[in-house]
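Listed next as structure tokens is one chain, alone, in the form predicted on its own.
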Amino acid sequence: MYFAKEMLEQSSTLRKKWEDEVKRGLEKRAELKERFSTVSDLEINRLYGPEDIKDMDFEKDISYPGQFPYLRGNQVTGHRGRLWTFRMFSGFGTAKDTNERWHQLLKAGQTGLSTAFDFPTLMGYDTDDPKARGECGKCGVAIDTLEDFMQLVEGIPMDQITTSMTINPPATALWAMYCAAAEIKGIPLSKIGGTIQNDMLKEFIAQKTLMCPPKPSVKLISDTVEFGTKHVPRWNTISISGYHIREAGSTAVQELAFTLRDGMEYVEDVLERKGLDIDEFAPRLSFFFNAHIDFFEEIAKMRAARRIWAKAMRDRYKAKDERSWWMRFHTQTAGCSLTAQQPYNNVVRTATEALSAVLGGTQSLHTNSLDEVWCLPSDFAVDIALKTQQVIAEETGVTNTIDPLAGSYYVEALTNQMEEEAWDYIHRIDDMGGMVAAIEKGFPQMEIADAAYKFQHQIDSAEKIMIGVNKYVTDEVQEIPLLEIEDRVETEQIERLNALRRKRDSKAVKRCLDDLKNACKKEENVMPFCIEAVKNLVSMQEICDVYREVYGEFQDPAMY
């Protein structure tokens, strides 16, 4: 028991006295019916005390940093020993444009790179495909071939800087380009580090950049896990992503539960399909969470996530290596919390969300820019977003001690509540036959849709407050500088792609595509074939078209 019996009795007596005094005071103000809840609508008590966490066992449930169940962090020294990676999300226009922004960010103090790709790239289409027209470089960088990729990483020390790539259906092709670029630069694959998002289950649930059906999509992910385990040991071959689940309108508990159950699905597929030992690949699994606006809910969510994953890896999957028990995660502040109205309020929102991520123990952080509701981030807005992290790290003192909120009655009780409700979701999905089966039934999709509808209703009725939207609204228009992508970007990108197609060896291209197709049909690992293909200037879409041909295309079903 966390507290001695005598202390609990004393607290109970004092609490009753306090409650009587509060009740008398509230009766005079007729406030007894007022309801307080988190942004996800978890009801919050007026006060928390020892009784709310009386059943906790310190060693089993809390412990110390670097000790099971890692509630207080994986590393024994936390952010005192090493600050999180400052990793601003960046990508727009051409590879050259994004490369220039990368160098600017590194010069300004960023410590890791994070790549946003444009929508055609995200969907597995080259810039000259009719479906891609008008989208080149608009929401990220356009990458069609290895030549683009070489320009993207020009001057970047790939063996010193870790790079995250937010790419899902074409992840094998884009990672193949990264690997090929490193080899061309003379850097062994064993020396490069970074992350590909590569999480298709959350695409079916939330973000909807779709290509092949769920089962072959998971197979391609297992291929990357196997290849990374054997050849690229410093690479995180998947970033299991709750961020987009939350952006789609989920609650914090749903984000926590669906993300971790996605992770369990990938673990089970690799174990079954590839026959790897759990401790061979689990230490390189990584996660990606949303830091929303409800400060304590987000901190509790991140702490609960570590404890759930540690228990699952040790007890459910029998991992022996403690590094397999660690949940390592990146965090991004909530894009869905930003408002077009009064956009400078977004600086405050982002700072608050970033602070919750730091106190929640994130290993890597991206802070959104104030103008992201309107456009891709401008240099002006990116600089503020990066300096937000620097101020938190260097001025606020929150990194002076590790997990400073541990032992808080409220934080521990909220952490326990979120873990309990997340496990309930996980067990329901287990009973459905796993996450792929649950997705095919539409379960997580409908749960998120219901949560999103409820939240919007609360905003519309002003039960939940958004400053500038439903409270303290003004008619004043705040002008902010906007980054615009010119139409010439698409024209020039298509010209480069056409020139490349004219100069490459068409026979080598056909051979590579035939080899990749045969590998898909034989259930072989596709990664060696993808690397060989991109080295021969096969385009990203040409690789993805092979997947579409062999595995079929997924059509998202309508659900009501």
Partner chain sequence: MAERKLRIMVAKPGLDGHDRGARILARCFRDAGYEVIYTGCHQTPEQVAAAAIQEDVDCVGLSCLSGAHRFLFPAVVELLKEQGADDITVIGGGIIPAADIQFLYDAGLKGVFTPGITLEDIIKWINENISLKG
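Numbering follows the first chain given and starts at 1. Note that the structure is a prediction, hence the values are computed from the model and not measured.
Below: the form predicted in complex with the partner chain, not depicted.
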Here the chain appears without its partner; judged in the predicted bound form, the stretch of 421-429, 222-230, 112-120, 378-386 with heavy atoms within 4.5 Å of the partner chain is 112-120
Under a 4.5 angstroms heavy atom criterion, identify the one residue in Ile187, Cys139, Val398, Ile467 near the partner chain in the predicted bound form.
Cys139
Under a 4.5 angstroms heavy atom criterion, identify the one residue in Gln445, Asn99, Thr352, Gln363 near the partner chain in the predicted bound form.
Gln445
Full three-residue contact with the partner chain in the predicted bound form, heavy atom 4.5 Å, for Leu276, Phe529 and Lys535:
no
Consider Phe289 of the chain shown here, and say whether it contacts the partner chain in the predicted bound form, taking contact as heavy atoms within 4.5 Å.
no
Are any of the heavy atoms in Gln456 no more than 4.5 Å from a heavy atom of the partner chain in the predicted bound form?
yes
Given that the partner chain is not shown alongside this chain, does Gly134 nevertheless sit within 4.5 Å of it in the predicted bound form, heavy atom to heavy atom?
yes
Is Arg234 part of the interface with the partner chain in the predicted bound form - any heavy atom within 4.5 Å?
no
With the partner left out here, which residues of 275-300 have a non-hydrogen atom within 4.5 Å of the partner chain in the predicted bound form?
none
